[in-house]
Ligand SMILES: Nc1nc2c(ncn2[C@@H]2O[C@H](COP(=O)(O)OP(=O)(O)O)[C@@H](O)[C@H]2O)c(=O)[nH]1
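Heads up, the chain below is alone and in the form predicted alone; it's given as structure tokens.
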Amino acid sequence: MKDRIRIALAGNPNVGKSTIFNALTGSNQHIANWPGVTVEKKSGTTRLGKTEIEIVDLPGTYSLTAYSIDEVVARDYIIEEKPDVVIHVIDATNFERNLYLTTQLMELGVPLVIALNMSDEAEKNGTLINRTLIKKYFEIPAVRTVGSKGEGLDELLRAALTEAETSPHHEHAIGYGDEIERHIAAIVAVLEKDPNLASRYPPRWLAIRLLEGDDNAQDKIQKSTITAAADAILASIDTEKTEAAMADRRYEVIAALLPQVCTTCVKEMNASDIIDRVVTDRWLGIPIFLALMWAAFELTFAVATPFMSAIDAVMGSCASYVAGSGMEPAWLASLLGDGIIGGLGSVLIFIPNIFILLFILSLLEDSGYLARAAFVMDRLMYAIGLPGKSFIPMLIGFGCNVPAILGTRTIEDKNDRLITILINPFMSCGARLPVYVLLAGAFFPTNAGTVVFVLYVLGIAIAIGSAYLFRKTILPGKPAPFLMEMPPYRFPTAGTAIRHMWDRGEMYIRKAGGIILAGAFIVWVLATFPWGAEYGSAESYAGMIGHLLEPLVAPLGFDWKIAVALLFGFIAKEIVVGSLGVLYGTGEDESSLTGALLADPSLGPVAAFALMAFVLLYMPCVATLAVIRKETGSWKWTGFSVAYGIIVAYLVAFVIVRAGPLILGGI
């Protein structure tokens, strides 16, 4: 028996790998980063009898194809550091899904032990996995474990110690068919001409990786004398087609062995499978997603309108009462009535729309559908040069761009992540919704939901187009394939949806009570002073600033009031509405901001739609810019985001103004 061995724990994410690691090593742990990458490295020690065991917890990964940093780290540790044993931790409740990684670990030719973790949950579900047959068919010992309870861990270590002293170990268990096997044999023959290379990496495994077009594997042979010979063989092979064929073959082997080693692992098609065949269909998936989003916006307007009217009436009456109360000094009455109550009321009126839309999106998320939406968009995302994983932060961006940009941390490739950050501000966050609701409700009263839906689609289209442009020019590269686990369909509960709605919606209320209120106060000061000037007139400071900016926005059909509102929108997009509420006020002939906008001769449906598009696309709010700076670590990319957004917004708004009748003819 060896005095000391090293064990690597490998497995998919969320299989209980870290639970087993913690149970085995206790307080004898060390946490650092892997050399050269910001991926957490965890190692610890334990003992079994006289043997000291070092355990390394590898990053969770679905495969060893080296598309992500986690995959590269896990794979390189196994083949470069050569641990004595690899324990593959499998979630026994999802046995089939985990076996793909098993087939890849087997090809490495390393001593391997399977830990069937969460076996207690699997057994409760009626799943029985025959460990004797796993040993027979896979030539790998399998141990029943329940990491959370410490069950089976001593047996697992004993199996690992036995396997560490057992030799030789097979390098593969899968035959890929005559044609592919001929290619593998030819490349292996070439690789074996370099003894150093052949001793460092398993030749068959390296040949398979080269046939699958693995860039990381290609890098491993670049300094070898056999590079030219290997490249000559690979040049005659379609690596994408070969990779797909080899993946299919692995799945065929898994499908053939699964019913022999596992009871109830092979299930008949259920209702969830039938639904998925429709909603994730190659041709139906995207139209279904768009139809659901359109229905969500239409329902939002239909349900929210009565509540909006009630809030408008209450806030309008309060503002008028305070402003005309005769309170001394007069400026205080104006500040409270026109500035604070008027400005704040013009924002609070949209709370019903925001909360209802968030409630609907929460229902879709809790049901499991939004995960399918990300899967449906994967093909389109990959075509424009982004991984499907980028669509998840884009979906989050419908709520708020700040957490969406933070969510890009799950994207491994640097360029993929940077592109996703740069395009995320084009996703229409909840802060823009008040502007849409105000203008669409005023100028498109019968089709407001459709107009808002078009704006959301426009944001997605601009984001996709920008991603394609960036990928072809400033940030070239190839996106990583998208792997994700589909959550089961569930009936969403009202309580959970309401809680999610509140968690996301309260941010809007906090902003209304803080940033937006401060913005409304600043706009009131600029609209009131110098003292004696007519409130919100061209002679006020707001008017002076607006007239300086007006020549810039005049080609878009905007006047100086719009220019001032857009300027303050740099702080937070909600302030656009609050600023308009302060600047337009509530004159004797107008009972609301909607009426004031409709009465403005400079505005019409075309200009209103152009304004909504401009608000959608121009620079992110201050909070989003701060996060972009933090996540990119660069003022250059932050400045680029600002400049690019303003240019795109201006061009799109200009096109809308020039081609307005044609564009809006169908709305």
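Heads up: residue numbers just count along the shown sequence, starting at 1. Since the structure is predicted, the reported quantities are computational estimates derived from the model, not experimental observations.
Separately, the form predicted together with this ligand exists; it is not shown, and the next lines address it.
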Exercise. Which residue among 204, 500, 250, 183 has a heavy atom within 4.5 angstroms of this ligand in the predicted bound form?
Worked result: 500
Exercise. Which residue, 479, 147, 581, 399, has a heavy atom that falls within 4.5 Å of this ligand in the predicted bound form?
Worked result: 147
Exercise. Taking heavy atoms only, is residue 653 within 4.5 angstroms of this ligand in the predicted bound form?
Worked result: no
Exercise. Does this ligand come within 4.5 Å of any heavy atom of residue 25 in the predicted bound form?
Worked result: no
For this session: Using a 4.5 Å heavy atom cut-off, state whether residue 196 contacts this ligand in the predicted bound form.
Result: no
For this session: Determine whether any heavy atom of residue 16 comes within 4.5 Å of a heavy atom of this ligand in the predicted bound form, and answer yes or no.
Result: yes
Exercise. What stretch, of 110-118, 227-235, 175-183, 547-555, brings heavy atoms to within 4.5 Å of this ligand in the predicted bound form?
Worked result: 110-118
Problem set entry | Residues within stretch 361-379 having a non-hydrogen atom within 4.5 Å of this ligand in the predicted bound form | 366
